[in-house]
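Below, in structure tokens: the form predicted alone, a single chain.
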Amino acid sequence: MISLFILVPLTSVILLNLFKGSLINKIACWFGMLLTLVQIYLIVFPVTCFWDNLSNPLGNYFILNLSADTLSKVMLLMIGIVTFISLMIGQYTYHEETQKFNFANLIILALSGMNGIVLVTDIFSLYVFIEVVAVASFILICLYKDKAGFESAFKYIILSIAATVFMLLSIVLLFLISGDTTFTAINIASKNPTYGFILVVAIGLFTCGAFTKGGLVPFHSWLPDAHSSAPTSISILLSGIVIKVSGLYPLIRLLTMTGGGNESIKNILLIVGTVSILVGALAALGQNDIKRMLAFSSVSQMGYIVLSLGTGTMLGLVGAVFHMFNHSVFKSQLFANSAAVEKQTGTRDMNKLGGIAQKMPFTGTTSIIGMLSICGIPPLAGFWSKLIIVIALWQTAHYGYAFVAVIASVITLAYFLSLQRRVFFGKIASGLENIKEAKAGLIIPVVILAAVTILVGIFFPFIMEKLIMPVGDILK
């Protein structure tokens, strides 16, 4: 039944285009939101008969082998939440019905692709679904058909081609040593010491591809341009989930199925993670555009996840996945906040803003919550995932890396305090005296995400026991 996570969105895209008309244009985003709500429900309130029956409803006609472990379910939950928010923001920021229809189609297609990535059990099928998401993302980035959008999409395409080459070369090597592309076959072959060198090369190549897709330094140049040039609803999708599902999730799968790689691979993860944390944070300090600052912040936060993976321990894996979940929530919220600010003021330039919290109290308050969480301030969700990462580093005697992780959180606090001061605090900027709070369509998403951030932080022990710690079982 889990194949329905792929088949239903894919079929929906076909049906929406077969019956395209004025009514379909109007309801396309709402229909996409319904699909994501059903997906969230099936994860949060699991229907036993659905999850117990892993067979494909189309039998032999659906040839993919699928499976859903705890990691897959966490990723499906993240995909559902972020895609729902992206669709809701898009519904209230696009004005033309045709634009809404095209946007909804591409998002639903990306939903099918992302679900496929986290459910397939062979590495070549995983790559195919990565490319499905990439193609949808290319088009979404330049959906406004402006110069900046086309330029950013072009950069994404070029770097994505490089990532494709890395991944395909890796898959070829893995196929040569295992005779198959299934996770099980690769896992068995990885235990054969004869293939040690080839395996390390394969993991290294795949890691380069994953770093490119995930926006890690030094392959990050496409990310700030794409996030700042794309419509905010697309920025939410890209930063909130696409860079994780297309880049970091495949890396996690490969590392866990091959025993985490050798010390050289772990050192590369630690170094790239640390450099990404610092480069992203320091670059964010110098930004005036809200979305560009948030984009560089994403580079930094992806560094935390890779740094945690570099420990090679179960706690490191748990910390990485938990931070992925938290980042998908608070970064989606902050991008949604930027959408509300831009919608009401007409600008994202922080030099032209100031004091708008008194006119936009919901936007200002929720922005503070997201900021505190991403900076690792207790008791919000971001504090707990960063704490786990630091503990995992400390337990593996990586004291220097743990120190960098803590110091970088201080830098993160610095640039987000700058954002709050320049956008929301102080005297209201000239010309903004008559602005009003954003409409419900832009406020409801940020309130939902802020509530998730608070509740996950407060109920951390329960969330940790029931949802996050079981992820570590994939290492057994």
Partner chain sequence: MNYDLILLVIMMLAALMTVLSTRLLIAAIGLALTSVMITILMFKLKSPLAGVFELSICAGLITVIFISTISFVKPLTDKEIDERTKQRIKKYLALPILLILIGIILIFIIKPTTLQIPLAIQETNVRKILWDLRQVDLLGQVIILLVGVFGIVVLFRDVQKETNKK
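A quick note: this is a predicted structure, and the numbers were derived from the prediction, not measured. Numbering follows the first chain given and starts at 1.
Beyond the structure shown, there is the form predicted together with its partner chain, which is absent from this document and is the topic of what follows.
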ask   = Is its partner chain close enough to Ile14, Phe124 and Val132 in the predicted bound form that each of the three has a heavy atom within 4.5 Å of it?
value = yes
ask   = Would Ala405 count as touching its partner chain in the predicted bound form under a 4.5 Å heavy atom rule?
value = no
Exercise: Leu455 in contact with its partner chain in the predicted bound form, heavy atom 4.5 Å = no
ask   = Given that the partner is absent here, does Phe175 sit within 4.5 Å of its partner chain in the predicted bound form, heavy atoms only?
value = yes
query = Can Gly400 be called a contact residue for its partner chain in the predicted bound form at 4.5 Å between heavy atoms?
reply = no
request  = From the candidate stretches 370-378, 196-204, 230-238, 310-318, select the single one in contact with its partner chain in the predicted bound form, where contact means a heavy atom within 4.5 Å.
outcome  = 196-204
task = Let me know the one among Val128, Leu387, Ile188, Leu77 whose heavy atoms come within 4.5 Å of its partner chain in the predicted bound form, would you?
result = Val128
task = Have a look at Leu248, Val120, Leu255, Ile81 for me and say which one sits with a heavy atom within 4.5 Å of its partner chain in the predicted bound form.
result = Val120
ask   = Is any part of 91-105 within 4.5 angstroms of its partner chain in the predicted bound form by a non-hydrogen atom, and which residues would that be?
value = Asn102, Asn105
